[in-house]
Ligand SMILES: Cc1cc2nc3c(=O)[nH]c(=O)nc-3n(C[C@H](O)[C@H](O)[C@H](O)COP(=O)(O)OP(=O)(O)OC[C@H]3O[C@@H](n4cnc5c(N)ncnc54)[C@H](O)[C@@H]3O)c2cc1C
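Below you'll find only one chain, the form predicted on its own, shown as structure tokens.
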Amino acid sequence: MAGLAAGTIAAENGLETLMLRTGQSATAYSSGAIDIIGYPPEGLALKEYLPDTEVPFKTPSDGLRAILTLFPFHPYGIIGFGADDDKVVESVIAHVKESISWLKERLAGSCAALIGGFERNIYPITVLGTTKPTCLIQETMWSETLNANPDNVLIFAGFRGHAEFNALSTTRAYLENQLRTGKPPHKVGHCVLEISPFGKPYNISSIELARHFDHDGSMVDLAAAIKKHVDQLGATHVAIPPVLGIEQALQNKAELQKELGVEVFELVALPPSVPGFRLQRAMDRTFKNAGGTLLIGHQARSAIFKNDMIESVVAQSPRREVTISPKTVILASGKFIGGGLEADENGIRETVLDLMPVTTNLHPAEEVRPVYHTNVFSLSPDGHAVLGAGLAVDMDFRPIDADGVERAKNLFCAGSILAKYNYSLEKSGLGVALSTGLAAGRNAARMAKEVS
């Protein structure tokens, strides 16, 4: 997301833009939801510091104000560096709000068209039967009317042989949550459908279902399989895992609703997910439509530095080595999942340009053993400090060294390679990637024009 946002905005500013990517990016393995900020960093209980702020944050604006008050070096805070002291918060909020509008406009009508806005966080249902705070989700994944009427009846529909979703356990978890909170609907059921995309009723993956449902006529069979359960339970809403298609999901949702006479929506899945793949494809097209060139299968390996500038970047593919001489470079290589950082018992390393990584406390991390920055429980409410490691940057998103000096004047970075935030804990991953990507892309584009 960070690289594509940066590359797209640079291309839209009239620059020749080349993106190097090894394969699918981390966006393709995401849930496909655009989280801005849901929870405070480091599992912090805010009551002591900001007693009037509710957690999870009701709106992205509430979350950003809390972040900027308590964590000024969070990547969102860096966006506001350079603004007058009394205008930092409003400057960041305006930038993030603009980023959301920018993304929605460019994905409108695509396979990953988005719904939601900056006015509130929304709480879609996940495949686990829980809800999560997020800002934007794909249009196939939202129901505006589900909670509006206490007489609504919801069915969770799963597929036999599809191990990525268990309709019964999801139904139980969701119903338990609804009874505890008292929110509608209170009538919930489940069903298991017999759909065999490739003639096998076992080991069916989400991507196989999605590809199957992209074929003409597939919705007729799916509607017939669901309809008897809808009629039996008197359902008003049907929730299914996010498999309605890759390119045709929106059209399939509309056709399914027409056939059934009820509202249908997809659940938010655990990564990797089909909606993440949709988002990747839609963003790739947006970048190319802006005039960008996407070079997949090439991994940036090193760079030649000269006079405080990057003179060239060397990229490696299985068959060739390519040397590129750009005016500016944006590093959006991700953290551990994306391969931008590596860690072992000797410490944490930045893999592409051998830059200095830092811990979440902004201390050099090159000799930090990751084991001492994790908790005993994998799903800890306090998160894992090692996930806050990354690169420290200046106000223009240039990575800096131990002396606080930028490594190269024409090098910028964005996304999860940045230090001081934990996207899995905060629910801020794609939001930080989008906002910092646009900021870094604009800074890089401005410098490229200046040196022309």
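Computed from a prediction, not measured in an experiment: that's the story for all the values here. Don't overthink the numbering: it's just position in the shown sequence, from 1.
Note that the form predicted together with the named molecule isn't included here; everything after this is about it.
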- Message: Under a 4.5 angstroms heavy atom criterion, identify the one residue in H373, K183, K327, K132 near the named molecule in the predicted complex.
- Response: K132
- Query: Here the chain is shown alone; which of V220, L379, I337, A254 has a heavy atom within 4.5 Å of the named molecule in the predicted complex?
  - Reply: I337
- Message: in the predicted complex, does L15 come within 4.5 Å of the named molecule, counting heavy atoms only?
- Response: no
- Message: With the partner left out here, check for me: in the predicted complex, does some heavy atom of I79 sit within 4.5 Å of the named molecule?
- Response: no
- Query: Is there a non-hydrogen atom of S61 within 4.5 angstroms of a non-hydrogen atom of the named molecule in the predicted complex?
  - Reply: no
- Contact between S333 and the named molecule in the predicted complex at 4.5 Å, heavy atoms? yes
- Query: Any idea which of 65-73, 398-406, 417-425, 46-54 reaches within 4.5 Å of the named molecule in the predicted complex, heavy atoms considered?
  - Reply: 417-425
- Task: Could you list which residues of 146-177 come within 4.5 Å of the named molecule in the predicted complex, counting heavy atoms only?
- Result: none
